[in-house]
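Listed next as structure tokens: two forms of one protein chain, kept apart as structure 1 and structure 2.
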Structure 1
């Protein structure tokens, strides 16, 4: 047991230890200061030339957003078309079929927005061509989009009034060549040498010791699993994601994948601190986020180790906690740790099945996604945190009777309106979506879809409600994990979550970038004794309170109907 605790302690310690120098490195990359990977410069210049990008061009926030949205639209169309016809394209040794339009719609969006809800299983629903050409590709570019979007807000923190926010394309390209590609390569090589497949051979067939004939799916998995974690994407190569023994062969790879998925979100906090030269501010953000994570993690570990009370009543031993949906080689501690970290950041890969988690753990996973700002995804975690910051500044300003100011700029009605709309739409999408699904389930159980509403849920009662709530929460948070018992590959879930995915991704990018763009232009007033400090514990507490009120409390009724009710029924 002790070795399981040292396991997660080292995973977290290593993450922070590596994130600090990585943060410094990322800051240097985006500030054009000398750094380790300057030898990539010629490749980048070639990319700019072939891509038709003028790297010296300065863009306004509107122009940057337009560029961001346009290129995302191109990827969406490309991915959608390829998935629709994958069955008749090459690199399909297992003869898997093309996707239906609704599934292709959902899947293309899902990978585009860094979410990776997967309403298909990798072994039977994708081909080697689409695993690499669509999923692997979108994993890189969506993570790079997130990082680039974060870079677009940096200048609003600097003590100089400016009209431009940088060049989206340059941020985007550098995020790939200097951060995502090298780190993914390292992780995928760790995986390869621990047994993860990386070849183009098709499915193998084996006669087992007991004489059963079984298939063994393989393929170019390692490369994709590398970027899957580095880019906080989370879409599995295999259906069972990182619980699959080829996707996550042993405890070492589990540690590597775990560190890999948290390292950029934490490093981005430090990178921001270095870029704007405000380390104390970065530490405040890191502190608030870490306390939030711990508050979710501790109850999860306790409830998983405690095991399932219903199984305890049957009289068997649960020395390793609740084992349904868990793998022996990871154990309950590393599984519980993974389930929380992967939901607070937007990865959503799983090494245990969340649907079989204990009710309290399920609630903590849901809360992690509802917040979306405790570390959060590649770049977008801080963007989510940013609108909480703006609202906190505004509320504290009102409380002490001063004009709200943030980094020397007045925060006015327009910025607050944008931040509030983004925050409110997110709760509306989750709760509205779940309500709609529950309404269909009750009133149209026999609707003629591939999976009828009456057959959607894999579990009855409160847990069934949690399955629907989880799906919409995951879609809105661009997380991608699921209570996978949900029968989600059908018309309703594919289109409904597809739309939620798009809004849940691009509103929280457009909102903060717009706010920051508006602020960056405003007159800079140097901070004085009359300025409310935004880098101390008091303000940190304020931000924390805002996050709790906006997310946790607004979702409380829904959580009561699902996991909380299940918890008390199981007691």
Structure 2
């Protein structure tokens, strides 16, 4: 047991130690300072030339958002068409079929928005061409979109008024060439040398210890798994994701994948501090986020180590904790650690089955996605935290009787309205979608659909409600993990979560970028003795309270009907 605790301590400690210099490197990249990857400059210039991009042109926040949305719309159409016809295209040695329109709609959107909510099984639902040409491609560009979007708000922190926020295309290209590509290459090499497939061969026939002959899928898995974690994407090459022995062969690869999926979200916090020369502010953000993660992680580990009360009443000993749905090679501690970190950030990859988690663990996973502001995904975690900052500044200003100011700019009605709308719409998408699904399940269980609503849930009662709540929460948070007892590959879940995926991705990008663009244009007022400090522990506590109160008020009733009710039913 001691070694398991040591393992997660080493994982997190190594992540932070690597994230600090990586944050400095990222800041140098986007500040156009000399760095180790300046040799990529000719490739970047070629990309700009081919795309007709003037890298010296400054863009307003509106022009940047238009560019972001337009280029994502093009990728969506590209992905949707290829998935519809993948069965007729090359690089399909296993003869996997094309996707149905509703599944292609959901899958294309899911990978576009960095969610990777998979309503299909990786090795049988996609071909080598779409695994690489669609999913691998979208994993890079979706992560780069989030990083570039974060760079668009940086100038709102600087002590001068500006009308432009930089060049979205430059930020986007550099995010790929100098951050995502090198790091994913390193992780992919680690995986290859530990047994992850990296070929274009079809299934291999293997005789098991029981004497059965089975087909084991192979393919170019390592390349996809590298960016899957570095880019906080999370979509599995294999259906079992990182619980699959070829996707995550041993404890070393488990540690590498765990570090990889958290390193950029933490590094971006430090990078922001270096870019705006406010290291104390970055430490405040890191402190608030880390406390939030610990408050989710500790109850999860305790719950998993104590085992399942229902199994204990059957007289079955559980010396290692709750092992249902977990890999013996990882155990409950490493699995519980992964389950929380993968839900507080937007990765959503799994090395155990979340549907088998204890009720308290499931609630912590849900809360991690519902807050969306503890580390978060590549770039977008800080964007989600940003609108909580604006709300906290506004409330703090009212409490002390001063006009709310944030980094020398007045926070007025327009900014607070945008932040409030983003927070409220997120709640509406999760609870509204879950309410609709529950209503259909209860009132039209035998509807004449290809998959009847009565067949959606493998687990009735409280856990069944949690499965539906988890699916919409995951979609809205662009996470991608799931309680897989839910039968989700049908037209209702494909279209409903597809719409939530789009809104859950782009509204939390549009809102903070719009707020930052509006603030950047306002007159800068130098700090004085009456200025509210936003880089100390007191303000950090205020921000944390705002996050917790908004999340609790928004989602506590739904959590009561699902995981909390299930927890008390096991007592």
Partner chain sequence: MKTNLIPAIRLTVVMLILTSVIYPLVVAGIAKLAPGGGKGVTVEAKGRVVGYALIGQKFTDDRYFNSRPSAVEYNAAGSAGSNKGPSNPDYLKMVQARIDTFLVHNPTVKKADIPAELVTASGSGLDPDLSPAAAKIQIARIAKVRSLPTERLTQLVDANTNGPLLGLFGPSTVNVLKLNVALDQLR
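Keep in mind that this is a model prediction, so the values were computed, not measured. If you superpose the two forms and keep the largest set of C-alpha atoms that fall within 1.5 Å, you have the rigid core. Residue numbers count along the first chain shown, from 1.
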(request) Choose the one of the two that is the form predicted together with the partner chain. (result) 1
(request) Please check if residue 208 moves between structure 1 and structure 2, taking a CA shift of 2 Å or more relative to the superposed core as movement. (result) yes
